[in-house]
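Presented as structure tokens, the chain that follows is alone, the form predicted alone.
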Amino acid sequence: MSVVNEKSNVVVIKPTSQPRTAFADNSWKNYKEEGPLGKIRWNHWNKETILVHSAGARGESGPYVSIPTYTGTTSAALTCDELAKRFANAVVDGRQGKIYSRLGTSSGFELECALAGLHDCGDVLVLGSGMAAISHLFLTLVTAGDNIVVHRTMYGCTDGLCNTILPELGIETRYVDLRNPEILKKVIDDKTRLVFFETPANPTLDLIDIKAVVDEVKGRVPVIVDNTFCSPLGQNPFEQGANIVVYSITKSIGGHSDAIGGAILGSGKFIANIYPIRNDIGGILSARESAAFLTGIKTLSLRYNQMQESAREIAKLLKSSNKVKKVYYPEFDEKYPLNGQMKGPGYIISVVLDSLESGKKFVESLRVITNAVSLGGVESLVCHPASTTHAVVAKEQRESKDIVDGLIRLSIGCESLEDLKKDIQRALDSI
């Protein structure tokens, strides 16, 4: 509501106490519902075929097998009426790169089409990073005085957003252990606006039964799943009743550690609510980055399957070692595969060694596996969460989530399995 002081000619926009439109209009409920763009899914093809033909002609004739990348920032029009018409239809024309690249690009839209097809959902919006996706999503749903419910363990920057930034904006965060969904009976109230979790969770690989959470929530608020660890090949949260899915597409979807991006997936009407937020806050994914993802996504099934098979063997090797106190890997969890929720255990393994010193010695003794943050690329990576990805989390709070000083996270890549096993064994022997 705006108030004009006639004497000083000052316009004041008063804060609202009403729920955000994107929450109140229930547009988040049906993930298959189409929005202003209509049907952008790829019909009748299996995931492997959709992946290969991302950014292709999709049955249309044209001069290119893969569309060219247009990096210009603005699109010209011959008449004022023509450009005005595009602005009036910005959710469609802007998304497809026909106005200004902060509103969308043609390569970004092709990436959105591919991701929608892989998940059979109404629409997708890509953004400049996974954290851009999460922050834009939360700010679309919550306002001061609201609260959100999140799982006890998640990516360090998401933790920082929920633990520090949102409370400073007047938004309460409620951490719970969603491996026991019945706890939701106690924490959801009339000011709760979302339930958010990763499964498997970063970095302890907690497994959460999506359907059990959805059943407990009973449609009162959106259930949002960060599916970064699994990719659409390892798990489709929509199949278990999730309302919204979010990704850091930097990871396995891109797969080559050469581009940063994020994505929000859900109902077309809900994505239409997020679109103006992205325009005004500015979390756009550039055309060049979108093009890199369109190249990387084509080989996702080849990469993911090899990485997963190698990880299975490496997890067994680590579990058999007397130098390792604990191995976190979905296949070793008694809940796996959560009644078919997971299609495979994935490529991430976390291990607990007896001390920080042992962890550092292990990491620094590796030669094939690279000491670096991130995950999901063709190269195998190792990191020490307590001093890197989760360093922003207070030690006491971090350890209450099982992120101890001796925890090491491995992302298994596409190198020779023999070389990876020798590298890990050598590092274990050095402790």
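One rule holds for the numbers: they count along the sequence shown, beginning at 1. What you are looking at is a predicted structure, and each value in this text was computed from that prediction instead of being measured.
The protein also exists as the form predicted together with a small molecule; that form is not presented, and the subsequent description refers to it.
Engineer: Report yes if any heavy atom of Ile134 sits within 4.5 Å of a heavy atom of the small molecule in the model of the complex; otherwise report no.
Structural biologist: Heavy-atom contact with the small molecule at 4.5 Å: present for Ile134.
Engineer: Although the partner isn't part of this model, could you tell me whether Asp226 comes within 4.5 Å of the small molecule in the model of the complex, counting any heavy atom of the residue?
Structural biologist: Within the cut-off, so yes.
Engineer: Hey, in the model of the complex, is Ile260 touching the small molecule, heavy atoms inside 4.5 Å?
Structural biologist: Yes, contact at 4.5 Å.
Engineer: Does the 4.5 Å heavy atom contact test between Thr173 and the small molecule in the model of the complex come out positive?
Structural biologist: Because no heavy atom of Thr173 falls inside 4.5 Å of the small molecule in the model of the complex, the answer is no.
Engineer: So, a 4.5 angstroms cut-off on heavy atom distances: do all three of Gln308, Phe332 and Leu410 pass it with respect to the small molecule in the model of the complex?
Structural biologist: No, the whole trio is out of contact, none within 4.5 Å by any heavy atom.
Engineer: Given that the partner is absent here, state which listed stretch (106 to 114, 297 to 305, 142 to 150, 195 to 203) has heavy atoms within 4.5 Å of the small molecule in the model of the complex.
Structural biologist: The contacting stretch here is 195 to 203.
Engineer: Heavy atom within 4.5 Å of the small molecule in the model of the complex: which of Arg86, Arg312, Lys251, Lys211 fits that? Just give me the one.
Structural biologist: In short, Lys251.
Engineer: Just to be sure I understand the contacts: of Pro237, Gly94, Gly130, Gly122, which is the one whose heavy atoms reach within 4.5 angstroms of the small molecule in the model of the complex?
Structural biologist: Only one option qualifies, and that one is Gly130.
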